[in-house]
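The chain that follows stands alone, in the form predicted on its own, written as structure tokens.
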Amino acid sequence: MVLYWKYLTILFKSQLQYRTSFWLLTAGQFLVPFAVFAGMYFLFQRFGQIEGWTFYEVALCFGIIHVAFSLGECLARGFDAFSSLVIGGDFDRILVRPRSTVLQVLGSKFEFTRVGRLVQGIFVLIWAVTHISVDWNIAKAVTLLLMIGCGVLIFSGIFILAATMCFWTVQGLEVANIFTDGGREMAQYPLQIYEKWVKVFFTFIIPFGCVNYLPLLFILDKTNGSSIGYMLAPLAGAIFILPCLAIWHVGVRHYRSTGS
């Protein structure tokens, strides 16, 4: 963690070399997602509710997934831009250093301007929490934190999988955006409103439903039967990242330099 903190410090200083650009990009990251949130607001203004879910309940869902995505995009940005390391042959240098390749790739890039998107997500989250009728307690607060933390792990895992493909394709594959940006857009609404195959895929394959929809049922007192399973559902995100890391190490063992 000391080494990772040094990586962040160096990257932060380098990005502040152009302060005006930095703050404008940060402001843009803060404002742009509001267009998506405004679209959701007008949707509820027109229809009132969706499958029994009110605006503030969906806003809570929106805030949680956007905070998780923003943190995941910040922390795992090195994997999102990993193809440039492979193309330029810079990953060869990482391999000869006496530290984990995962740590070094994580520290190779960190977009501090994405903090603007994070602040926007936190704003929506706080606004939703203050407007919904929920009897908050320690269990629900811990569940909310688990939802965010494990959501970060899911997005990070997807970035890692996309980066691993670069060992064979060299160039990054845009198809990965279906599960990062697409997953974020899908998970900002309750999983209940989608078709059955979508629910199955995003519960048992990429467990967005486990970190957003199922625990949200517990927080909103919409569960049937025991609540323990709903509370622990976010841990599927922590489990999801384990095979992602295992696949990454398989890719590292099969890496062949591009010869750049």
Partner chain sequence: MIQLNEISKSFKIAKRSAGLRQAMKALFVREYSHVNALEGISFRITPGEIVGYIGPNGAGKSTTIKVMSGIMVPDSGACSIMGYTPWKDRVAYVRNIGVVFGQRSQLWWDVPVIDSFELLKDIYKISGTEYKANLELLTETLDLGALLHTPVRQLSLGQRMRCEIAASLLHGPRILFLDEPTIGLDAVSKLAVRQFIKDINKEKGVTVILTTHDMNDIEALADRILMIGKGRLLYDGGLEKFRGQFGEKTMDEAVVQMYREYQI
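Residue numbers count along the first chain shown, from 1. It should be emphasised that the depicted structure is a prediction, and the values quoted were computed from it without experimental measurement.
Quick note: we don't show the form predicted in complex with the partner chain, though the next part is all about it.
*Asks:* Report yes if any heavy atom of residue 21 sits within 4.5 Å of a heavy atom of the partner chain in the model of the complex; otherwise report no.
*Replies:* Result no; residue 21 lies far from the partner chain in the model of the complex.
*Asks:* Check whether residue 101 has any heavy atom within 4.5 Å of a heavy atom of the partner chain in the model of the complex, and answer yes or no.
*Replies:* Residue 101 belongs to the contact set for the partner chain.
*Asks:* Report yes if any heavy atom of residue 182 sits within 4.5 Å of a heavy atom of the partner chain in the model of the complex; otherwise report no.
*Replies:* Outside the cut-off, so no.
*Asks:* Though only this chain appears here, would residue 10 touch the partner chain in the model of the complex if you measure heavy atom gaps against 4.5 Å?
*Replies:* So residue 10 counts as contacting the partner chain.
*Asks:* Only one of 95, 145, 139, 175 has a non-hydrogen atom within 4.5 angstroms of the partner chain in the model of the complex; which is it?
*Replies:* Here the answer is residue option 95.
*Asks:* Look at the stretches 183-191, 127-135, 84-92, 159-167 and give the one with heavy atoms within 4.5 Å of the partner chain in the model of the complex.
*Replies:* That would be 84-92.
*Asks:* Using a 4.5 Å cut-off on any heavy atom, which residues of 3-17 would contact the partner chain in the model of the complex?
*Replies:* Going through 3-17 in order - heavy atoms within 4.5 Å of the partner chain in the model of the complex - the hits are 3, 6, 7, 10, 13, 14, 17.
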